[in-house]
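First, one chain by itself: the form predicted on its own, in structure tokens.
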Amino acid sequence: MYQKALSNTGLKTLYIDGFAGSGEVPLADHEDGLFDDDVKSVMAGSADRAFNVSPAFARYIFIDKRKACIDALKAKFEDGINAHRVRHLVGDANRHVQELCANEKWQFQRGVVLLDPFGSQVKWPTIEAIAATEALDLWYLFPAGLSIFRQIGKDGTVDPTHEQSITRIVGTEDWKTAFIKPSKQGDLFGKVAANEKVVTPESATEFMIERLKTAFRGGVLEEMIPLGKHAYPSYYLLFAWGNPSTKATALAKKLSKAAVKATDRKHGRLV
């Protein structure tokens, strides 16, 4: 939909995948622990899907810190019709994305960035760099349950390493007063604990949405897509766009709402 919408605008389009992987995503085992013979054990990854979209993006940039994954992508795409459009980068997604945002000429191009980290790898300055281009849209798999909720104890204690990690993710220490509150509950002996955790994966994501609004002049989708099979979502998929124009905002809202409708809530993934 994005490519079709921009196909007659004269703008070149760019797709950036910060955690591209090998092009395939292993599927979780079925409840019985086995796969049926006619069920594939992998599904196409984001890089594979983007590479084969029609009309194709003018350029693709696939990033992964694991050289083996980039080598697998190169082998997978080397005979493809769009192979000449691809640039592969090995290394930290934060560094590469920030450099691309600073060095590209955005006047005549627009792009989509996908950041789907395994955990707390995405740093706030990377989000700011994407927003500052005012030419890039961001899909961000925010690790609300994995890297926020799990890192805070029930009594509000946070390991110093985890504390630094959360601050790097959200870009402010305001999370401390938003996620942890003075406790009103006493224990069996009548003593009152100093603090307690009040954050949930959902409230952490709401906090992040407000943070994204401080960076993106275009806008941020209010609805968040929960992904994960646990009792609480490990991730929420968020969307933000940098271009503040009325036309760009209308298109961004249309595309993001279509993605929300495509969510397979039962299996915790996008169809």
Ligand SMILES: C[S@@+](CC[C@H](N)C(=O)[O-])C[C@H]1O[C@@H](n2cnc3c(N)ncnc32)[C@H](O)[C@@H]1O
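This is a predicted model, so every value here is computed, not measured. Residue indices: 1-based, along the sequence shown.
Heads up, the form predicted in complex with this ligand isn't pictured, but that's what we're talking about next.
Put simply, of Glu104, Asp92, Glu163, Glu134 only one has a heavy atom within 4.5 Å of this ligand in the predicted bound form, and it is Asp92. Residues with any non-hydrogen atom within 4.5 angstroms of this ligand in the predicted bound form fall in just one of 76 to 84, 115 to 123, 164 to 172, 197 to 205: 115 to 123. When this ligand is considered in the predicted bound form, Val260 lies well away from it, no heavy atom lying within 4.5 Å.
Taking non-hydrogen atoms only, Ala20 approaches this ligand to within 4.5 angstroms in the predicted bound form.
Within 4.5 Å of some heavy atom of this ligand in the predicted bound form lies at least one heavy atom of Lys65. Under a 4.5 angstroms non-hydrogen atom cutoff, this ligand in the predicted bound form lacks Gly242 among its neighbouring residues.
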